[in-house]
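Below sits a lone chain in structure tokens, taken as the form predicted on its own.
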């Protein structure tokens, strides 16, 4: 396992995302069985960072994650749990209420990392952070972060957070490099903030790209593993892929073992350049 060491912690370079676990924007009971199986296999394989949100399946993803942790008998202190507050809940009292609900659904006393899922232009960021800072002071949350924030809002968040902002969770992957081009990735790397790249292999055409296919063959890996290895080789970048398939879950973890050369990293960084 490879880690990012930051603020006295070690956080795995590869975690497990839970978008579509238990449903999409509302619970889907038809997905419960496969969702429980996916979470169990991820825990069995050794994933320790789990990322979820109150929005995912209307909170049901949090419930299923909490159930899986208890059923598998995994020690709470061995896990790093991230969840998020939705943009419609960013008023002061709403943030506090949303956090309490997430804690109940997860069945934990403390959330390791609590993020603003998306900014809400109708609610002042200062009001939201007043509540988030209060949650840290109360011990309900250990660390704060944001998601989908561009540079201006990210800098504002850093100034408003009473504790070091831990992450900005953004869509960053081959070929989507908007957050590298808009300065967010560089700012995070220069200011000790993790970039949490979500949906790291969403672009299915990666599998037919000639450069990726050649690198994959050279490393006895898949094109998706090469794309993930490019991400996690970058300083202060972690990722949270999701799969219902235990074999794919294992492949995602094994991408950490793939060592790309400086030349390969440069090739991939220039791939899909506009």
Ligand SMILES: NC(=O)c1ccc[n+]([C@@H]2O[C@H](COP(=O)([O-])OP(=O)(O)OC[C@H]3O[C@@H](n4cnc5c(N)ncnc54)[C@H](OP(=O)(O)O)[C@@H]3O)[C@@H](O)[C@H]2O)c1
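Numbering follows the first chain given and starts at 1. Predicted model only: the values in this text are computed from it and were never measured.
Only in words, not in the display: the form predicted in complex with the ligand, which the text now covers.
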item: Stretch in contact, per heavy atom within 4.5 angstroms of the ligand in the predicted bound form, of 29-37, 236-244, 211-219, 59-67; value: 236-244
item: Single option in 86, 161, 134, 147 placed near the ligand in the predicted bound form, where near means a heavy atom within 4.5 Å; value: 147
item: 80, 187, 118, 92 - the one with a heavy atom within 4.5 Å of the ligand in the predicted bound form; value: 118
item: 4.5 angstroms heavy atom contact with the ligand in the predicted bound form for residue 106; value: no
item: Distance check, residue 224 to the ligand in the predicted bound form, heavy atom within 4.5 Å; value: yes
item: Distance check, residue 157 to the ligand in the predicted bound form, heavy atom within 4.5 Å; value: no
item: Residue 254, heavy atom within 4.5 angstroms of the ligand in the predicted bound form; value: no
item: Contacts with the ligand in the predicted bound form, stretch 1-20 (heavy atom within 4.5 Å); value: 17, 18, 19
